[in-house]
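The data below hold one chain only, encoded as structure tokens and taken in the form predicted alone.
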């Protein structure tokens, strides 16, 4: 009999504010529903206790400014560690799949962290990916993000990594936070078409949600051949969610889960605390466990509420046609995308909506014919009420770095430590699993 692992962590002692939508009740109603239905008594679902992530687990992914203590609480370590607990159980063969029902969420947390944005400080899914790759030697991993908001943090972390296929289906960024996630955001020069965004129009229902899965995402996964499939299981596409404008039901989520067959799902958003989350979580959990979910129906569900308009259907069809055309063409090579330069550069401004922080960032990706190449970032945040701004430089050596890039990474690190006073430097050596922080005094 197949087994599904479950970790439940409501984070009673962590809140943005007492009445904020991202609060402990998001999970407590689900917990009540699970007990009421008695699904833990049937033997297919095994509940695991949460555990703490280690500092190193977070440092594999993030440059936390000025340090981990400033950007995390114990709740963040437990939320991330719970996903790792299920990862270990999966790799040990104790379970066939699992669902990490935890908060705080994480998919808006980028590689550089100056504060909380989109309710996220650290990225649970990305921490899980790097943990599995380092501990178990996995290489090719796919992440399918089904949150209504674009998973901009996960995109940022893996944008230049050809071994991680990141697919985000979300409400169009022209109509919703964080205002990103468009089709032309398709991956860096070394990982082109390993980042796939599917921005859906407001009003998309189960029909469009599942059609996009079947006609774009499923073929992409089949061609990528991942060793593991992860699901960033945001549930705010639901027709009752107060922060978005989609029309997906618990049945739609469960059917997608059944067909996607993720090895691990990690909770992200979803803010209809009473009307959606107990039903969507139940549907996903039953689908993972291979059990009947047809009876999981929201009391508010009326067919006209989730009926998709003809206009939305036409838009979804055009989006599918666009991606099918792009994916049928031979993509340009890494060398062609880099062109005449040996360093890919990108400038951008990032806004932290929860804490009103503005970050200016300059990225550098150093071309290497033998490996992923070095990643370098210089970031400056502005001053906000009660908090200083920071200037930082981060250097990341990839896990499969060649010897030349590994050596060059330490050269850049030594150069960074000689720069102006007050400058924070970070070295992320994923190859040797070594992480260093230095403040220029």
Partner chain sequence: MEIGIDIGGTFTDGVVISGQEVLKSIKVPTGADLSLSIERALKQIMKGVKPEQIQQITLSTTLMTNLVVQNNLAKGGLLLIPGPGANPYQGKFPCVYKVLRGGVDYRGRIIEHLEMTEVEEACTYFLGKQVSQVAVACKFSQRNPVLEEQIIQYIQEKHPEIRVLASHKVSGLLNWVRRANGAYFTLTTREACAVFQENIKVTLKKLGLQCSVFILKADGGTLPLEVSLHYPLETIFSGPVASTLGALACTEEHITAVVIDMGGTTTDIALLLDGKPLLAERGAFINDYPVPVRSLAVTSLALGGDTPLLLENSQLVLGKRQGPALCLGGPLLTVTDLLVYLGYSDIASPQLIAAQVEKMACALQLTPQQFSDQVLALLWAKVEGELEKMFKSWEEEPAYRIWQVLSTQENRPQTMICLGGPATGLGEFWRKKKGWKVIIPAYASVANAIGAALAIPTLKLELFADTERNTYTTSEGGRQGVLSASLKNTEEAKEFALKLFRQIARERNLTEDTAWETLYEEGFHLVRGWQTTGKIFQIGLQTVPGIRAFLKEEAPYV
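A quick note: this is a predicted structure, and the numbers were derived from the prediction, not measured. Definition used throughout: the rigid core is the maximal C-alpha set that superposes within 1.5 Å between two forms. Positions refer to the first chain, counted from 1.
One more form of this protein, predicted in complex with the partner chain, exists but is not displayed; see below.
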Task: Answer range among 346-354, 224-232, 105-113, 67-75 for contact with the partner chain, defined in the predicted complex as heavy atoms within 4.5 Å - done: 67-75
TODO: Would you check whether the partner chain, in the predicted complex, lies within 4.5 angstroms of a non-hydrogen atom from each of 10, 47 and 273?
DONE: yes
Open item on the list: Does any part of residue 52 reach within 4.5 Å of the partner chain in the predicted complex? Heavy atoms only, please.
Closed with: yes
- [ ] Give a yes/no on whether residue 388 approaches the partner chain to within 4.5 Å in the predicted complex, heavy atoms considered.
- [x] no
TODO: Find out whether any non-hydrogen atom of residue 311 is located within 4.5 angstroms of the partner chain in the predicted complex, and reply yes or no.
DONE: no
Task: Contact test in the predicted complex: residue 42 vs the partner chain, heavy atoms, 4.5 Å - done: yes
Open item on the list: Residue by residue through 277-293, which ones have a non-hydrogen atom no more than 4.5 angstroms from the partner chain in the predicted complex?
Closed with: 278, 279, 282, 286, 291, 292
Task: Rigid core superposed: residue 432 CA moves 2 Å or more between this form and the one not shown - done: no
